[in-house]
Ligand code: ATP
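What follows is a single chain, given as structure tokens, in the form predicted alone.
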Amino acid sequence: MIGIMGGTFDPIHFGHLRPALEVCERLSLTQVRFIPCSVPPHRAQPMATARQRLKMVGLALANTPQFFLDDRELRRGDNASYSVDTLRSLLEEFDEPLALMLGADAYLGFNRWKNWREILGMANLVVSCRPGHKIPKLESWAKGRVVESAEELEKYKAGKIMFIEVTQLAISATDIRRQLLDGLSARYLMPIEVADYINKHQLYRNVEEYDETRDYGIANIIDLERHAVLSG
């Protein structure tokens, strides 16, 4: 089974990487594909360019053989990135079941994603939860789909949901951008190679570009899809 982790990764950090590794190991995934999105339909445009985000993700994954950088959404150009299209293209390429990796917040809004029923026909959902936190309440669409173990999940190509407790670090890309804007260091929040790249290229330092509420040119996109697995 292949894990799929999408997001803006603006920038990528340990809050993305550690949970992904734990899910990979616990489910014995053959690989996890990190897929930076091009135009997120649910939030403002990323501050870093597509090329910069791709480079940062590549640097972050370089020393983990199970992790792969996948640029298929960026290669599509300036169209909005929807999971249904990405999963469809992955199934055309790989002859393995897919595990779409989500955070708890993304799971709660899943039935508002574009073509979410079609997504359930193409992949299983693996939902990361913080240790000690209650599993999110099952919505009507999710009842009868939950499995409790990796062994049970392996029996299904798609349509099932598994909740996994992971070490979710209190790190967000939003907070990292704010700290960098204030002239603070991003070390120990992300792989050192990514922190060095950010410092070398002086990313996230321009106060005129930083506005978490700004539209960044995608006004009128009202689809509520939450593509990111974790915050950021």
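Keep in mind it's a predicted model, so treat the numbers as computed, not measured. Numbers for residues come from their place in the sequence shown, where the first is 1.
Although not depicted, the form predicted in complex with ligand ATP is the subject of the following passage.
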| query | finding |
| --- | --- |
| Option touching ligand ATP, based on a heavy atom within 4.5 Å in the model of the complex, out of 169, 192, 62, 181 | 169 |
| Stretch from 144-152, 81-89, 103-111, 157-165 whose residues place a heavy atom within 4.5 Å of ligand ATP in the model of the complex | 103-111 |
| Contact test in the model of the complex: residue 173 vs ligand ATP, heavy atoms, 4.5 Å | yes |
| Non-hydrogen atom contact residue 3 with ligand ATP in the model of the complex at 4.5 angstroms | no |
| Sequence-ordered residues of 1-28 touching ligand ATP in the model of the complex, heavy atom within 4.5 Å | 5, 6, 7, 8, 9, 13, 15, 16, 19 |
